[in-house]
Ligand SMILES: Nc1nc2c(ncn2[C@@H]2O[C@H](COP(=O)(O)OP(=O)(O)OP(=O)(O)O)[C@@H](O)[C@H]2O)c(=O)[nH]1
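Only one chain is given next, in structure tokens, and it is the form predicted alone.
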């Protein structure tokens, strides 16, 4: 029988841009009003954007940020202390950890398994989210990057199904159903909407200490991927349409021969506060509850794009008649 004095601890992980923060936020909106939930976020960039989004949209939760991109490398040694800080601030009913999409989840899982009693936590089944839009059988089988996530999953979720056809959704489900060892659950969804009952599951389908140890050191990063970010005063205002046009251009063509792999920002615009991001080769925007400042972070490859250049690119004057025709993405 599970020890009820230990805090249930959930890892919600997956590649960049698959909807991890949206999934956590959806859970908090439903459950945080009646639960004391702590959230530990490892943002991929230096400014802590996902954690500030959660703080603004779910103020009833206690959120702690570990910035800098990879909780499984330089930040791994900080993880136990961060958990202690969260637990010491208040009595928690539940703890959720969101590693960066650059992190290797098996290393996080292995560390937490070894420290459950010390940290007063009980590790729950690992939730791994993948993008249905990105699904390709050959790519997912060939690249170790995707194996790191699928191997770590107890519960495997294919998100963004609203942007994928029925054929691709079916192929993704069939691929996941053939994984060995099998998963506790294979789910399909959109907008990060997860059934609340998966947070009550306790059995871990795949993780033994032996299998995790086998993967423990199997982790490397592409040295050509670089992060950047900025924070600007809340009084600074942007034109939303100009932002969307410029970000659509950046999404398609990059910056100075650098591809923009991921970008996310919260902006004070003439149309109100907006969260705008580049993920899965699309630009999306939605209203934001964050009001403290403008902030943005990004990943580029193969070179570095500094703050000055990025600001120049996103705030560049546009010829609206021609540029509107190239605008891609959606408001949601």
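Keep in mind it's a predicted model, so treat the numbers as computed, not measured. Numbering follows the first chain given and starts at 1.
There is also a form predicted together with the ligand; it is not shown, and the following applies to it.
Within 4.5 Å of any heavy atom of the ligand in the predicted complex lies no heavy atom of residue 292.
Mapping the unseen interface onto this chain, residue 28 falls outside it, with no heavy atom inside 4.5 Å of the ligand in the predicted complex. At a distance threshold of 4.5 angstroms between non-hydrogen atoms, residue 34 is out of contact with the ligand in the predicted complex. Mapping the unseen interface onto this chain, residue 191 counts among the residues with a heavy atom inside 4.5 Å of the ligand in the predicted complex. Shown without its partner, this chain lists 40, 305, 266, 279 as candidates; in the predicted complex, only 279 has a non-hydrogen atom within 4.5 angstroms of the ligand. Only one of 109 to 117, 228 to 236, 158 to 166, 251 to 259 places residue heavy atoms within 4.5 angstroms of the ligand in the predicted complex, namely 158 to 166.
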